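The chain that follows stands alone, in the form predicted on its own, written as structure tokens.
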């Protein structure tokens, strides 16, 4: 089968679908290639977002929101606990499968065509266009388009095929959906400790009463087998009281790419979302940053198609726009992360004591922002100048 169109998008996740919806709405012929049999399945994300995410998508927030979160319990490696809370919701647990499906439906209604259970095989460059060969089972489909957009995740094939830079770091996220847990539904739990989450943290995100998504992140190569890491989540001293009676209903896993990629376009080619490592290094979240970048991706792609100039010189505007928006935050997060991964549990425990200061807790509750963590710096320095020299090592605990 042969398909001729304007844009081919590899990856039908939320970033790919958002990009497809915007381009299709402008009247361009868009084909989305998705390797999964069903959009959003299996789940590979903790699904915790800020309100800003809903401002970037054309879906009803209430239909996908499972729970509103008003704060978080932060647990030190040895069991100290601090509660940071607010009177208003600071984050939302969403149904990621429904969220992904809803975005895909918007793209389809706008005219985008989805090829499901289909994998990218080969890309050939022609005179001003790309010929993409994809496979559905043993059947080949050839798609000719002027622009190819890689929204195919952390291990992006598009990124590799066009020799675009790799992320600076790749974490592994392991998690599960569970029932029969005993936590306050309005608060997230964050657990620090090298043994439970080597180089990152573990979490419990309540989705409704007695239900939650749990998980942990780890540096790669893994310091211990995946199964051992996952089992430790239920047996670690600071987590087992919450999870000892938990019943697993679904297991999830996925890679988390970190660090700025300094090149995200080539002639006829763009990468976006996890493929471009547009992920917050401190939290590992990529929905807001990816969706924000996808707006620039679709706008610049549309301009290039309108002018019939899908060249590097035209497409590089996309790279300039998304880096202007989020490069500062990603770079800031990577600097904090580099400090954090070299801290041992005793150091984390020591700096954790500063979180017990009521002034610090009040500042975090008021100014903490999961999308823009650097905005917490000035209020802390202004109200507690003595912490200035400690901030580089404390920020990962604060956020």
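Residue numbers count along the first chain shown, from 1. Here the structure is a predicted model, which is why all the values come from computation and not from measurement.
A second form of this protein, the form predicted together with a small molecule, is not displayed here; the remarks below concern that form.
A.B. asks: Even though the small molecule is not shown here, does residue 146 get within 4.5 Å of it in the predicted bound form, heavy atoms only?
C.D. replies: Result no; residue 146 lies far from the small molecule in the predicted bound form.
A.B. asks: Using a 4.5 Å heavy atom cut-off, state whether residue 310 contacts the small molecule in the predicted bound form.
C.D. replies: Contact check for residue 310: no, nothing within 4.5 Å of the small molecule in the predicted bound form.
A.B. asks: In the predicted bound form, does residue 204 come within 4.5 Å of the small molecule, counting heavy atoms only?
C.D. replies: No.
A.B. asks: Quick one: does residue 52 come within 4.5 Å of the small molecule in the predicted bound form, counting heavy atoms only?
C.D. replies: Contact check for residue 52: no, nothing within 4.5 Å of the small molecule in the predicted bound form.
A.B. asks: When you measure heavy atoms, are 259, 281 and 336 every one within 4.5 angstroms of the small molecule in the predicted bound form?
C.D. replies: Verified in the predicted bound form; spot residues all out of contact, no.
A.B. asks: Counting non-hydrogen atoms within 4.5 angstroms of the small molecule in the predicted bound form, say which of 164, 181, 120, 72 makes the cut.
C.D. replies: None of the others qualify; the residue that does is 120.
A.B. asks: Just to confirm the contact call: exactly one of 241-249, 150-158, 227-235, 124-132 touches the small molecule in the predicted bound form at a 4.5 Å heavy atom cutoff, so which is it?
C.D. replies: Stretch 150-158 is the one.
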